[in-house]
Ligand SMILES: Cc1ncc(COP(=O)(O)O)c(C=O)c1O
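One chain comes next, on its own, written out as structure tokens in the form predicted alone.
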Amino acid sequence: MPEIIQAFSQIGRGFSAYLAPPGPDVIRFTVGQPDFDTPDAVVQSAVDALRRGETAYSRAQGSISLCEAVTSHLNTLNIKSDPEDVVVAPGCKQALLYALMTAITPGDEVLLLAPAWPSYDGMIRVFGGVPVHVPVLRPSYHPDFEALEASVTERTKAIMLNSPNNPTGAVYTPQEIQQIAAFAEKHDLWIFDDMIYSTLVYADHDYASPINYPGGEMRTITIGGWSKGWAMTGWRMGWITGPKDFMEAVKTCQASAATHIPTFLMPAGEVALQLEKETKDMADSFAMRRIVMHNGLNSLPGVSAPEPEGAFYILADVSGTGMNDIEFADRALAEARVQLIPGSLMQGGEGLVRVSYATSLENIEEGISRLQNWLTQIS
């Protein structure tokens, strides 16, 4: 029979092995999904659109009013965009695929700030690209610019940003984003700015886009979506925008691959971007939970973690327990009934575990208590 593309045999599936739903008695610190319901107004908008019969083909890049709503939202983050250069895709991951599909050819290298969300590595490999994992500074998890410079070759084509960051919780400073824009201009690189967590910032500086710094405007591809800040993970809605020529190619990707997102979801996307109280309440809740989780993790024997600055993740160092991250995660599940993500599933994450605090305060307190009792008993 014909052969499949061999690249797929080299691509992992990220955290999937540690995301399988465990027994009901397990505390899950694994899932990167808000534990809030999608706001009622958003749900009702989709229901109303269905009842109006909005189930036929529509504008491929998303309705004009939806693209305008995305542009208005990005303007609040000081990102200028033209609604004609916005594409609403079936999820942020699909938008990232479009960006890579448009820019990457076999053998091209993409710089990742490691440890990086593992889907980036797989996406790059799908197109024959080469992911280059550049270690970040420890313990802050902020960019190491000397390491970035040392990683550039004649095949380097792009750098992937994710700030606020999954898995580290770091939010890069405006000065660091300015340096990244200058670095990309110096080496003539695309900047793929995955800003999906931009509504979840707790640092003393806001999310910053490289589009606003010298060298960044004409090489930054802004990618985001509704999943995290609006509790809409299952809606599969994301956006991508950038320079006009780049976006013309992205429009071709969308037309060839997905046609468009479901028509009846488009009005709901508009409604979501107009909400303020609901998104602020979610962000405030996560800001409080991160303090409880951070203090709890640092109270555990042999465990340490920097204070997270955004998103809803903490990357904790467990090497002081005498266990590697796989052993720690496996034993925490089996013996403490707490589910964690081992960092060695990501290049550069050895000795670390990713902890999500996108769960209730009761679960956070119970999970920390279980880990405390377990580590005390085995020490």
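Given the structure is predicted, the values throughout are model-derived calculations rather than measurements. Throughout, we count residues from 1 along the sequence that is shown.
The protein also exists as the form predicted together with this ligand; that form is not presented, and the subsequent description refers to it.
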Whether 93, 166 and 194 all lie within 4.5 angstroms of this ligand in the predicted bound form by heavy atom: yes
4.5 angstroms heavy atom contact with this ligand in the predicted bound form for residue 227: yes
Any non-hydrogen atom of residue 236 within 4.5 angstroms of this ligand in the predicted bound form: yes
Residue 162: touches this ligand in the predicted bound form, heavy atom cutoff 4.5 angstroms: yes
This ligand contact in the predicted bound form: residue 286, any heavy atom under 4.5 Å: no
In the predicted bound form, segment of 201-209, 183-191, 112-120, 141-149 with a heavy atom within 4.5 Å of this ligand: 112-120
